[in-house]
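This document starts with one chain, in the form predicted alone, laid out as structure tokens.
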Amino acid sequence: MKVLVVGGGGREHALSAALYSSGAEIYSAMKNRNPGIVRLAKDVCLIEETDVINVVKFAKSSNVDLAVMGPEAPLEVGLVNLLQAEGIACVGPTREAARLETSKSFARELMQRYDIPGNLHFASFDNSKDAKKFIRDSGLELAIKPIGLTGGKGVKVMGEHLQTIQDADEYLEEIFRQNMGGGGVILEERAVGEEFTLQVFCDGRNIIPMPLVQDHKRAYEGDKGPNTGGMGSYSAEDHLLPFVNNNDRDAALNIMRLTIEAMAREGHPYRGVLYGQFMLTCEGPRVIEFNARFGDPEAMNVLSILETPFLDICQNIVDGSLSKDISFARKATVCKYVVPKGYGTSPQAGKLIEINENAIAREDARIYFAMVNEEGNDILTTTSRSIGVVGIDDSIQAAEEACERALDHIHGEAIFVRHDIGKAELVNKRIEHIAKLRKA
């Protein structure tokens, strides 16, 4: 089967690898020349993924049977709608269904309308004056979010990123001045706890959960520094997390099931991968946000241990015949991103990265090329994340050690890694935090 993969990051390399290993012939539409995807692909079109007219032309000229969506931006501009209109099946939601991610106010209002548990108190604004007044009148610490897409970097929380009311005012003014995420803002109550990610396959009606993952947004060790697209993530061998029990996972899964049912009742059935970002609080899971696609880096964690052929899952998604018989290896994973120095503020692009792939393969690890460029035999940084390194073993500790061994085989003058991800000290900090919240 000929499959188009849209996007050129680490997530899309993981998607391409999983499809290729299950027998697909890969075609790629991406804006950068990702060497990992290039090696797997029958043909590559270097193009902005939001140039939907020409992406569709490439898909048609390649006679692809199926398209798998990577990033969120093409969903917002209706790539799935156009591909489906040309008879090309898609693993990914339509523009209307993708509003679960592309409009934070839509997602909150949907949950409110259908009385779905796990929602947060919120208010949406189209101007900074009213938003500032709400902050003062509420007297609460709030999360400030542009309503639309910001590449996972637009959320700032009072008491965490914003220390004073003046800081909050300045960020609101920045959002509207720069038209971030379309220029609207949503203010949400601050949820206190630990974040975790639950991703599900969905065929419009049935949902199948994947192993839980915890991402790390902050750039620097100890959860410090600016928010990023994600510096790394880990999953556990039991497919839960050390601070998340079965009841917590089931509650989160029920929220996602009810959300999918609500989308069907709205007339926009959801097909593809739905990502739920949850905060585990003393009152159970609360929804931080939905994403209308695999997470990045979380896709690398789960696809690296997927045992069921991914192509079969994709076919079942578009056919509406998802089966519960989807299996993942009982392994832990730890992913750490190699990023350009300055990532999150002023990343250094065009810098050489040296990689010994044969040595990495001997370390119980995998690498996924992300937003790098291949020029001749050289791999060069861009302004975004460069390489995802995934250690795989029987425990988080062993997987973290495998990841670190693999990282020893990657070198460059202008690269950076957040090394504390998956280490016992940080994991135990999460466990202790939740234990205190439950006790309280």
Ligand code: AMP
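A residue's number is simply how far along the shown sequence it sits, counting from 1. Values in this document were obtained by computation on a predicted structure and should not be read as measured data.
What comes next is about the form predicted together with the ligand, which is not displayed.
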Just to confirm the contact call: exactly one of 283 to 291, 327 to 335, 264 to 272, 364 to 372 touches the ligand in the model of the complex at a 4.5 Å heavy atom cutoff, so which is it?
283 to 291
Have a look at 313, 135, 155, 240 for me and say which one sits with a heavy atom within 4.5 Å of the ligand in the model of the complex.
155
Note: exactly one of 191, 219, 180, 251 sits with a heavy atom within 4.5 Å of the ligand in the model of the complex, namely 191
Looking at the partner-bound form in the model of the complex, is residue 143 within 4.5 Å of the ligand by any heavy atom?
yes
Answer for residue 76 alone: is it within 4.5 Å of the ligand in the model of the complex, judged on heavy atom distances?
no
Under a 4.5 Å heavy atom criterion, is residue 84 part of the interface with the ligand in the model of the complex?
no
Decide whether residue 120 counts as a contact residue for the ligand in the model of the complex under a heavy atom distance cut-off of 4.5 Å.
yes
The ligand in the model of the complex: contacted by all of 99, 124 and 259, heavy atom 4.5 Å:
no
Sequence order please: the residues of 92 to 113 with a heavy atom within 4.5 Å of the ligand in the model of the complex.
104
